[in-house]
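First, one chain by itself in structure tokens, the form predicted on its own.
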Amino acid sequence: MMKNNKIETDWTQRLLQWFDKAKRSMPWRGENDPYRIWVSEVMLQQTRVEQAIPFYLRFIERFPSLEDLALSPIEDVLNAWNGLGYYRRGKQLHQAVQIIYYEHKGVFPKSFEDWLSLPGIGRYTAGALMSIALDKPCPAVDGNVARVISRFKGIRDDVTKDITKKNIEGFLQQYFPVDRCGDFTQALMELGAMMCLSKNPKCLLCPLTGLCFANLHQAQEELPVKKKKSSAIKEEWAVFLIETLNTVYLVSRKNEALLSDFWGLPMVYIEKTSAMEKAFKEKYGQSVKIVQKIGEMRYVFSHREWNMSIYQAKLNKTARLLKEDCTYDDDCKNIAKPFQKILSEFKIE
């Protein structure tokens, strides 16, 4: 394809030469199994590489193939995902893998649109799988790539908007090198992660120095343009540690807004301290007596923050909290991370 000018012809070559020398070692790099690349891409959404690597290795050891994951119950999948956060990613990955295994006989999609039709697959993930796993000229625009290209081209449109991302995709579509589509996509991501940083970019070491609009015009701090993130919603919760016969009661969270496929400790919103026992009965159908407050803990999600007051409590009657409850010491393994932390720190001996 005809390039716009020689400068823009040179930049892809510079980028790939830099990537060949500077790329970091990652357990999914060099993989040719689309399943394993897929798992890595899902884990890397909203998660740093350093944090994702140990989870990836454990996950692949537990589910080494698409078939292994498809045939496993969701409880096992979420247990392996526990602690990585954004649990919907793991649930949707499992759903999509089952669709491929059962409905498409284990054959991976061959087109961007087919990938996009699966649960949990957006434009970025579909593009990454097409280019990295299948070596097709298909852009994948994540935050790193959007930052690199907005600075390189001097794009002053809001990079959080879909139209801007699609415009960046259209620009990149012109420059995919033959037989190195996956490397091109990964090189752009790597440049954003290692050189074209959000703050204090390493312009003197960047392979695109001298070709980049932001570098030439000293506009690094102005670009990319993006809307301000809304602050996390803060919620106040009372969490109950209820022990009977050396066990701690847990409840199913299947009707909760967050961590709905996990188990956890009983908890209610704190509105008035005097109303917590009443709120507990309304939610769980059992009367409880608070013995004492034993501590506090904060847990931060991507969009909300739990400020949890931990209470030692006891049931007024010998009864189970829910028909589907379990106890910490016997039949429940799939406990959500916030409650694992509470049990580790506050469990009464």
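As the structure is a computational prediction, the values presented were derived from the model and not from experiment. Heads up: residue numbers just count along the shown sequence, starting at 1.
The same protein also has a form predicted together with the DNA, omitted here; what follows describes it.
Shown here without its partner, the chain carries 48, 142 and 193, all of which come within 4.5 Å of the DNA in the model of the complex through at least one heavy atom.
In summary, among the residues 217, 110, 278, 88, the only one with a non-hydrogen atom within 4.5 Å of the DNA in the model of the complex is 88.
A heavy atom within 4.5 Å of the DNA in the model of the complex is found for exactly one of 208, 250, 239, 121: 121. None of the heavy atoms of residue 268 is located within 4.5 Å of the DNA in the model of the complex. Heavy atoms of residue 244 never reach within 4.5 Å of the DNA in the model of the complex, leaving it off the interface. The shortest heavy atom separation between residue 79 and the DNA in the model of the complex exceeds 4.5 Å. Not displayed here, the DNA is kept clear of residue 316 by more than 4.5 Å at the level of heavy atoms in the model of the complex. Residues of just one listed stretch (97-105, 69-77, 183-191, 209-217) have heavy atoms within 4.5 Å of the DNA in the model of the complex: 183-191. In the model of the complex, the DNA lies within 4.5 angstroms of at least one heavy atom of each of the following residues of 219-241: 226, 227, 228, 229, in sequence order.
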